[in-house]
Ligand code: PGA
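Just one chain is shown here, as structure tokens, and it is the form predicted on its own.
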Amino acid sequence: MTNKYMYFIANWKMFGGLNSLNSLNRVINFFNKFKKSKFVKIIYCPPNTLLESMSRKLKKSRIDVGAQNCHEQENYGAFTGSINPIMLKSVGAKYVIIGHSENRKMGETDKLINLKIKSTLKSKLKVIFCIGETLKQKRKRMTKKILDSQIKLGLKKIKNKKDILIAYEPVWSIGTGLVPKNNDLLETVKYIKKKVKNYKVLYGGSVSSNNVNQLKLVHNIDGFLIGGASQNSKKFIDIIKKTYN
């Protein structure tokens, strides 16, 4: 995996104020000097309150900015508290995370996710499409069935493969410190890539500087969607460094 092009997506979730942007200085300086930077794509996905400020700060760097979700309506409308892809694009976003399990848990259906993906792509933004099974589903050996359904319904009538990244995030791994065994992860990613040929597939779920040496051995992974660890610049940098050591 040493010379493989990899994505490192920082999902800040509900974290950060304007002072938090100071931590980006360390990441920018590191990335400017990192010898393997030509193999790396870094994307920060902060809360919407920081999108414009972060976009301005990263404007002269090679680091992109993404949003954590969006409304399915591509035009303006009477949707209090909602933000559509065009609005996200206007403040510097280039990507949108769609289908994260935390949003699915709040009621997002595969049909709604499909509409959001279509709206995002139509607005000329790229998509980070999250899929994954729960612990109960895993124990019932339903992983492939669940992923198959999420992919089939989420990507229904969508052909724009080059602007979609798929993030496999087993729900039971997010925030728990647990990660799949390498052989299981290898087979799951292989299954996803068989279902959606030519898509990049990332792994997300408790990725840290402590387990990335293990995870990087799964050769068919194209990068990582990183939650809590990405909020700390040192830990985030360590994950990137260790991936290429």
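Residue indices: 1-based, along the sequence shown. Bear in mind the structure is a predicted one, so any value in this text is a computation, not a measurement.
Heads up, the form predicted together with 2-phosphoglycolic acid isn't pictured, but that's what we're talking about next.
With a 4.5 Å cutoff on heavy atoms, Gly16 does not count as touching 2-phosphoglycolic acid in the predicted complex; it lies far away. Among heavy atoms of Ile174, some come within 4.5 Å of 2-phosphoglycolic acid in the predicted complex. Although the partner is absent from this view, Leu225 contacts 2-phosphoglycolic acid in the predicted complex, with a non-hydrogen atom inside 4.5 angstroms. Among heavy atoms of Glu102, some come within 4.5 Å of 2-phosphoglycolic acid in the predicted complex.
Of the candidate stretches 30 to 38, 174 to 182, 66 to 74, 192 to 200, only 174 to 182 has residues whose heavy atoms lie within 4.5 Å of 2-phosphoglycolic acid in the predicted complex. Within 4.5 angstroms of 2-phosphoglycolic acid in the predicted complex, the stretch 193 to 225 places a non-hydrogen atom from each of Gly205, Ser206, Val207, Leu225, taken in sequence order.
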